[in-house]
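Here we start with a single chain on its own, the form predicted on its own, put down as structure tokens.
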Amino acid sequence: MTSSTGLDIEPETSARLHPVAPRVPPAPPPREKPLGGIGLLKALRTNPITIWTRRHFEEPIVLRRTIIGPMCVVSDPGAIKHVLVDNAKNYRKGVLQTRVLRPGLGNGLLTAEGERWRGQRRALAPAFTPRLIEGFQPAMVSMAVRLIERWRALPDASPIDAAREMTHVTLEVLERTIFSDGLASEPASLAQAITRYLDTLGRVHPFDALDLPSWLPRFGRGNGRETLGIFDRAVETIIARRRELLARGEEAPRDLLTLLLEAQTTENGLAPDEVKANIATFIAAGHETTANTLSWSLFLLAFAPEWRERLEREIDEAQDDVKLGSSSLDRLVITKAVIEEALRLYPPAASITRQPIGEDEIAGHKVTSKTRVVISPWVLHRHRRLWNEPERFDPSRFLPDKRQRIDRFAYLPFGAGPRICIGAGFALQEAIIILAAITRHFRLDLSPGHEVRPVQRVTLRPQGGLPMILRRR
């Protein structure tokens, strides 16, 4: 059997002469001491995952005063459960996160609070039951097959941007499942607009970090607003087209869009801006999560070819990938483990912030309404008290015999508690289907000379894309 250590295996002849040295996937090294005020503001704008110190990866609670106010970084599973579940009513979304997200996503499920949030969650829940998610499998398989056919038309050993390709295919999945009559824009152009939006408006502006009034101009965001307009018009077209269909009395697809519009017409239903905000959320944030998960999975498999070989054997034994169903998905334990380990090392949401409404105590530490409570999956998933050799890529952590040993609140790729990601099951199923289809037909290797660097722009993505070489198996 091949090694399950997550190490990069050298050729046999070389290995006999030189022992294989442990390698870990790229990540910013922890700082020895905290950044000063200006350094912190700069890092929050350029790449927030670079702010963490060694203490954050070794201690359960780190409480410190900063230029942006008192910050309590929580990495103790019990304390995380207290904040996100047991006393969740005392915590609202962090102001900084809301200010970054709201310009593009409006007052939707990711940013709403209180009764507005609860009403939206109730309206959206029927579209994400396990049974309905399973019903999306044929459409997901169909889009995976389209991706394979597109790649088969390319010469062998063609260079591709795997990140862009994953963005394209996940938008196509949305087009066939969540918005069944189309996205009102070509996936490629829509993907480009979303990427530009996240690269500009998705950056943390110093004025937002300092909680300065919103009427003060945020310089450097002009390009983001322009691309946001493209995205905004696409969302409005999607809504208008479906409303016309319903107005004509024609039968509309029973997808998320129809559910949202029906919820708008009920008593205490969704407001028009909430419908629009949630459509924007699922197009931008929803597809971005799965696209990045797939991109990181493909990179890590190229990084650790012994795991790629194990995955290929599993997929080859799974019969025809076009006929994947829930029973065969359950057998893809290595595929799922690879994806879950990619989510551990490169979580889509690298930080979760909460603001106490009233004074509270977290693991013996008092926090007030001015404290920024930060639960960072980036830190949590690499914490030395919670994981063995946390920097290494080792999917065996998530194989059935070990998966149950992981504390529920030590692994938060989709959050936890009442505000857990509503589309988590959808995203995981989609990622398994697409990764299985790719693995059955192709191998992807990192383009020579390209240095992969994770960067946080709302979600965690490979900076500058992911150039890879596509080879047929």
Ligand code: HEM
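One-based numbering along the sequence shown. What you are looking at is a predicted structure, and each value in this text was computed from that prediction instead of being measured.
Keep in mind that the form predicted in complex with this ligand is not shown, yet the notes after this line are about it.
Looking at 65-73, 43-51, 30-38, 420-428, the stretch with residues near this ligand in the predicted complex, meaning non-hydrogen atoms within 4.5 angstroms, turns out to be 420-428. This ligand in the predicted complex comes within 4.5 Å of no heavy atom belonging to Pro77. Taking the partner from the other structure, this ligand in the predicted complex has a heavy atom within 4.5 Å of a heavy atom of Gly415. The shortest heavy atom separation between Gly106 and this ligand in the predicted complex exceeds 4.5 Å.
Among residues of the shown chain, Arg308 is not one whose heavy atoms approach this ligand to within 4.5 Å in the predicted complex. Between the options Leu110, Val235, Leu260, Met166, the residue in contact with this ligand in the predicted complex by a heavy atom within 4.5 angstroms is Leu110. Here is the short version: of Phe282, Phe393, Phe299, Phe179, the single residue with a heavy atom within 4.5 Å of this ligand in the predicted complex is Phe282.
Shown here without this ligand, the chain has no residue in 368-400 lying with a heavy atom within 4.5 Å of that partner in the predicted complex.
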